[in-house]
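Take a look at this single chain, the form predicted on its own, given in structure tokens.
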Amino acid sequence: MAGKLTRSNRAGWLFALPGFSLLFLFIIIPFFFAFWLSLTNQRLVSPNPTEFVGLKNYSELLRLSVLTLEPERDDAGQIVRDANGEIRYPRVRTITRSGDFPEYRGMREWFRWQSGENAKVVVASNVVFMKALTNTLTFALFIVPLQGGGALLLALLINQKLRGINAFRTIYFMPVVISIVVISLLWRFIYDGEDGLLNNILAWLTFGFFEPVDWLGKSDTALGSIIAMSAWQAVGFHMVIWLAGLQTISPTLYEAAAIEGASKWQTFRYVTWPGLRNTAILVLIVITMQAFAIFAQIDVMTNGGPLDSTQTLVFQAVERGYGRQDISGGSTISVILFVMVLMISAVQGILTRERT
């Protein structure tokens, strides 16, 4: 028995060796190489020698602080207000550029909120990176339920024995096989602010009362527009994964549920969903990894604008690493992104694993 197990394990490791070799060569080694570069000041083309800087790159990206600004007051001690009646505060740059506060030097305002008469201001050493981090998290937060839920709904709809159902499967899957660059260019025309298809449809539905919107040119609509396009583009891929999971569920379970008089919701809750638990883990992890790796849509449709409202981590890594030739900065962002995806995927696996 021991000899058979040993031979079986040896054969399994031999079959797995090519996959492990590629994983080690193209993922593990590049990660540690990127981590080493993130601890240096390496630039793509520079006459200066590379120096070890430790965690300086991480500090420059992640350093945050909160300032409390008190209102300006006149000689009588009254609060000074502007022409609109808003309270006037000292300018943040008077603090971040002052030699009296070296801990804030070089930092910029990210956002602020009101706290009584005072203003709380969050300053960051790299505001663009913080915007990219926030946008990436926002994109993932919306795209995971949209793509996962939408794909599951489509899978449930087409998992029926109906005439012509294969045509619907092909239609839903078609955007996946088309290049994301082509899809992005197509949707850029759809979102066009002057004569885009979306504006024309909305104007027709509202009998001309709808005012055209520059969907990709406004900071409050650009990211949402990219989220909607991305959810539509990849939903067919995850639909196929859900469909494969649905077809592994035994039909006898549905027959038993029908005999017991279970409703459609009860059948889904107690038969379908438990049978899709492992599929759900795969879908959630894949969508999350794809969401954090968003780049092509941003590069083609907005180039990170307007006003950095569509900056993402991968776009920032490429922009710094190759656009600015700052290899160490791009590597630092890549390491941070890798750790984030690893942690989130682990949490998803824990939350969705089967309870025993």
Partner chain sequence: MKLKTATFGVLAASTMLAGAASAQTTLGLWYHGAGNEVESRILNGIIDDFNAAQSDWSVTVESFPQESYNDSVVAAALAGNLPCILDVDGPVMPNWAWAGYMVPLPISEDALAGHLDATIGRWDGQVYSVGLWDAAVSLYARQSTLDELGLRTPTLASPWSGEEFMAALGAAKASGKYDYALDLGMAWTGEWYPYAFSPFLQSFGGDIVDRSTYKSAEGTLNGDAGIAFAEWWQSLFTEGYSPGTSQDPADRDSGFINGKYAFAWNGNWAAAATLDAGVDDVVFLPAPDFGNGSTIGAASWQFGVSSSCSHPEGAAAFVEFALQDKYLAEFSDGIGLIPSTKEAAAMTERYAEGGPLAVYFDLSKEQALVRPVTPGYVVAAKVFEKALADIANGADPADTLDAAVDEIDRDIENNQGYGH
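Not measured: the values here are computed from a predicted model. Each form is matched to the other, and the largest set of C-alpha atoms that superpose within 1.5 Å is called the rigid core. Residue numbers count along the first chain shown, from 1.
Here the subject shifts to the form predicted in complex with the partner chain, a form of this protein not shown in this document.
Q: Only one of 138-146, 210-218, 76-84, 114-122 has heavy atoms within 4.5 Å of the partner chain in the predicted bound form; I'd like to know which.
A: Partner-contacting stretch among the options: 210-218.
Q: Any of the heavy atoms of residue 297 lying within 4.5 Å of the partner chain in the predicted bound form?
A: No.
Q: Consider residue 55 of the chain shown here, and say whether it contacts the partner chain in the predicted bound form, taking contact as heavy atoms within 4.5 Å.
A: Contact with the partner chain, no.
Q: How about residue 48: is it within 4.5 Å of the partner chain in the predicted bound form, going by heavy atoms?
A: Because a heavy atom of residue 48 falls inside 4.5 Å of the partner chain in the predicted bound form, the answer is yes.
Q: Even though the partner chain is not shown here, does residue 308 get within 4.5 Å of it in the predicted bound form, heavy atoms only?
A: It does: once the partner chain is placed as it appears in the predicted bound form, residue 308 has a heavy atom within 4.5 Å of it.
Q: Name the residue from 59, 40, 65, 325 that puts a heavy atom within 4.5 Å of the partner chain in the predicted bound form.
A: So the residue touching the partner chain in the predicted bound form, by this definition, is 325.
Q: With the partner left out here, which residues of 91-114 have a non-hydrogen atom within 4.5 Å of the partner chain in the predicted bound form?
A: Result: 91, 93, 97, 105, 106, 108.
Q: Residue 105: with the rigid core matched between this form and the one not shown, does its Cα shift 2 Å or more?
A: Yes.
Q: Once you overlay the rigid core, does the Cα of residue 183 travel 2 Å or further between this form and the one not shown?
A: The answer is no, as the C-alpha of residue 183 shifts between this form and the one not shown by less than 2 Å after core alignment.
Q: With the core lined up, does the C-alpha of residue 69 move 2 Å or more between this form and the one not shown?
A: Superposed on the core, residue 69 moves its C-alpha 2 Å or more between this form and the one not shown.
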